[in-house]
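Here we start with a single chain on its own, the form predicted alone, put down as structure tokens.
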């Protein structure tokens, strides 16, 4: 990762459910351990901001979108499989599995 590069991560949730809270906690852990402070994390509750969810074509929650840097990546679920999340978001080379 380029030392000046910053990740923009948007996590779409539906209310404050156990699944939503688990996804938030898992994402915070991944960011703390693997992104070294080079990220901006936004949590968007689609019950409060339905237009944002519609604009991003969110069909299920929780959904994590890596908006920056390109390419855009999406992960659906509670983000409990850290390795799968890192590979899915293009943050960990596949050959490091």
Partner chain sequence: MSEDQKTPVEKLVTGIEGFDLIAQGGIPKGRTTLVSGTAGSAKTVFAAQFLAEGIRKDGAPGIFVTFEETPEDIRKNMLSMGWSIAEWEEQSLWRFVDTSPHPEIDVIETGEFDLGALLVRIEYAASQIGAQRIAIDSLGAIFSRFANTSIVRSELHRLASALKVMGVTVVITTERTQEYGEIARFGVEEFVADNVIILRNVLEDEKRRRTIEVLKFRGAGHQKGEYPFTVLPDQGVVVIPLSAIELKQRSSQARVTSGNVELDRMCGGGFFRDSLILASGATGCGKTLMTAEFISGGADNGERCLLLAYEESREQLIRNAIGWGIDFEKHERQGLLRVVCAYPESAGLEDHLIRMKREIDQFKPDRVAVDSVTALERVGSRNGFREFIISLASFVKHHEIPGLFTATTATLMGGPSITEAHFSSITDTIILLRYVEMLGEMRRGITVLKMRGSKHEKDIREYSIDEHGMHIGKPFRNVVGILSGKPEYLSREEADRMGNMFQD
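Residue numbers count along the first chain shown, from 1. Everything numeric in this text was worked out from a predicted model, so none of it was measured.
Keep in mind the form predicted together with its partner chain is missing from the figure; the text below concerns it.
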| property | result |
| --- | --- |
| Interface membership of residue 37, its partner chain in the predicted complex, 4.5 Å heavy atom rule | no |
| Heavy atom of residue 67 within 4.5 Å of its partner chain in the predicted complex | no |
| Non-hydrogen atom contact residue 25 with its partner chain in the predicted complex at 4.5 angstroms | no |
| Partner contact for residue 32 in the predicted complex: its partner chain, 4.5 angstroms, heavy atom | no |
| Residues from 59 to 81 in contact with its partner chain (non-hydrogen atom within 4.5 Å) in the predicted complex | 59, 60, 61, 62, 72, 73, 74, 75, 76, 77, 78, 79, 80, 81 |
